[in-house]
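Taking the form predicted alone, here's one chain by itself in structure tokens.
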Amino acid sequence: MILYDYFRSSAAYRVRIALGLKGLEVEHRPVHLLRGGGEQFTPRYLAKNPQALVPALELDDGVVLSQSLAIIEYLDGAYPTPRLIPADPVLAAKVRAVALTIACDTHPLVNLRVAAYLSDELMIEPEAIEAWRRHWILTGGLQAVEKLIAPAPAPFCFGAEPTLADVCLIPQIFSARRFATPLNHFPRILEVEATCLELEAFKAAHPGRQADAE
């Protein structure tokens, strides 16, 4: 398998964590989102992912999957150990709710293409864009997640093992820190982060440990 990746992409970070938890080896092919106007817009990459986003996962038979949550759902079905989406339907719904809060309601509002539009088309100052990002990371994002995840002593978001919720939460925390978002009033989230970062799958997926890190 080939993972088209960018070291600082939260969505790609999620997939790297999932691959690591499942012990899967893939070839990494960096797609630099800033260099030369963005390598995601080259004809070669657009043929892989017409959305011009990372990640994309190319399977051994040449099929290309896009969208991080769809990729992780595929991995959970094709390589079911360990499970990232619980078998229990209620718990699975709770896990997906946290994942979707992050991946659909928070991350899209603070990502690169939104920031570029605010800057280039609406002529908004960089300081205001950073404030925008912090606002959406907190409002309806981490503020909600803090209440949605299971209370301590559960070491991970929903129990004794990491799930899709943890896989989405850790990259969002990294993004929050990049934009100087205060996190000290999220004690449960910080507990989960500390537990996750003890695992090699989370450590190895960190943006700073990627071959294309800058």
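Each residue number is its position in the shown sequence, starting from 1. In this text the structure is predicted, and so the values were computed from the model without any measurement.
Not pictured, yet referred to below: the form predicted in complex with a small molecule.
Colleague: Using heavy atoms only and a 4.5 Å cut-off, decide whether all three of Ala97, Ile149 and Leu169 touch the small molecule in the model of the complex.
Modeller: Judged in the model of the complex, none of Ala97, Ile149 and Leu169 sits within 4.5 Å of the small molecule.
Colleague: Heavy atoms, 4.5 Å, the small molecule in the model of the complex: which of 141 to 149, 49 to 57, 159 to 167, 183 to 191 makes the cut? Say which one.
Modeller: It is the stretch 49 to 57.
Colleague: Ser175: heavy atom within 4.5 Å of the small molecule in the model of the complex?
Modeller: Output for Ser175 is no: heavy atoms all beyond 4.5 Å of the small molecule.
Colleague: Please tell me whether any heavy atom belonging to Arg133 falls inside 4.5 Å of a heavy atom of the small molecule, as the geometry stands in the model of the complex.
Modeller: Result no; Arg133 lies far from the small molecule in the model of the complex.
Colleague: Given that the partner is absent here, does Leu21 sit within 4.5 Å of the small molecule in the model of the complex, heavy atoms only?
Modeller: Looking in the model of the complex, residue contacts with the small molecule do not include Leu21, since no heavy atom lies within 4.5 Å.
Colleague: How about Ala205 - does it come within 4.5 Å of the small molecule in the model of the complex, if we only consider non-hydrogen atoms?
Modeller: The answer is no: Ala205 has no heavy atom within 4.5 Å of the small molecule.
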